[in-house]
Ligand SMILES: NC(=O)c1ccc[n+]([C@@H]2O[C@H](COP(=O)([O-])OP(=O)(O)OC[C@H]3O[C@@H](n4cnc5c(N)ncnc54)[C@H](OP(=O)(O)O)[C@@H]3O)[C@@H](O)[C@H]2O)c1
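Here's a solo chain for you in structure tokens, the form predicted on its own.
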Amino acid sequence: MSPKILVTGGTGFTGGQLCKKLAQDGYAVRALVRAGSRSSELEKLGIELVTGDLRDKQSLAKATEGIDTVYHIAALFRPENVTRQDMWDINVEGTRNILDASIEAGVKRFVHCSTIGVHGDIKHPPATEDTPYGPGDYYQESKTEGEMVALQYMRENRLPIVVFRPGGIYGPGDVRFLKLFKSIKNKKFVMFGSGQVLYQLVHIHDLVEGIILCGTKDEAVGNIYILTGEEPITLNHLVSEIANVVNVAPPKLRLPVAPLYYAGFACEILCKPLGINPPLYRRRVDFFKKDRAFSIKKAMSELGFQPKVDLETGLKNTANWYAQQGLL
């Protein structure tokens, strides 16, 4: 019989795509979903739904009962109007709770989704799994701490664990890059700084394949893997490629990055005490400042991970999906 799978974060982009692929491959899949979350697409796929919360240990006991493999994808992802404590409750203590529930349920493998953001700004690219931590904001700090909890359980042999760090995830169904596509298509994009910083994307289809390798390959247990696209590119290259797929000329306007950074800092100071989501904040400015380039040699050699979706194809199917949804 195929292993029975639990996916946390099944109503999110990555978790949802993982659920879909696992179901298509014939696995019995259960998804942990929050009360009131949109889960109709998962129901259509025949996925068992269990209502719960990473902060509610009792609900996690029900979710993990009879499960062989847990893919822990759920996280509180970067909303600017939540507190550091909110991040910690979900991304750190929630990870601890689902690990404990998995141990009690006799889970045979636990796959933990971290982020390449644990490395922060890459001083000497490309980063590897051994590059020191360097988180740069609350989200990255909470994900670093959550990963460290998983690694502690790994070292103590409390559960067979695999940790993966995904790159910048894109593809049909995701809207995190929508603002970038729209600003380029509408000829409103401004390049701040040189545009020579390095960036590395991973298409959702490639990422899901890599995640499943983490959950099925014997060699994966006890290891950390970076899962992202094969080659880093400059921000100039990325912007030019997006311009090409949305049929506009590459943007030419450039401005210094420092004033934008200080403007973001000012917005945070003014808006956060009022509970207002800042229109600009420093983390967004990091897009123009920080290198994000990584080696996937370990995942390729040990797991057989091999990104298949080239950048042009991936950007095209993402832009087409935006257009079909009336978003672009």
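We number the residues from 1 along the sequence you see. Source: prediction; values computed, not measured.
Below, we turn to the form predicted together with the ligand, even though it does not appear here.
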Which pick from F189, W88, F77, F192 sits with a heavy atom within 4.5 Å of the ligand in the model of the complex?
-> F77
Heavy atom within 4.5 Å of the ligand in the model of the complex: which of R34, K272, K289, K298 fits that? Just give me the one.
-> R34
So, L18, R109 and V149: all three within 4.5 Å of the ligand in the model of the complex by heavy atoms, or not?
-> no
Partner contact for Y139 in the model of the complex: the ligand, 4.5 angstroms, heavy atom | yes
Could you confirm whether R55 comes within 4.5 Å of the ligand in the model of the complex, counting heavy atoms only?
-> yes
May I ask you to check whether T11 falls inside a 4.5 Å heavy atom distance of the ligand in the model of the complex?
-> yes
Indicate whether the ligand has at least one heavy atom within 4.5 Å of a heavy atom of P125 in the model of the complex.
-> no
Only one of 46 to 54, 22 to 30, 264 to 272, 63 to 71 sits within 4.5 Å of the ligand in the model of the complex by heavy atom distance, namely 46 to 54
Checked 154 to 175 against the ligand in the model of the complex; residues with a heavy atom within 4.5 Å, sequence order, are P166, G167, G168, I169
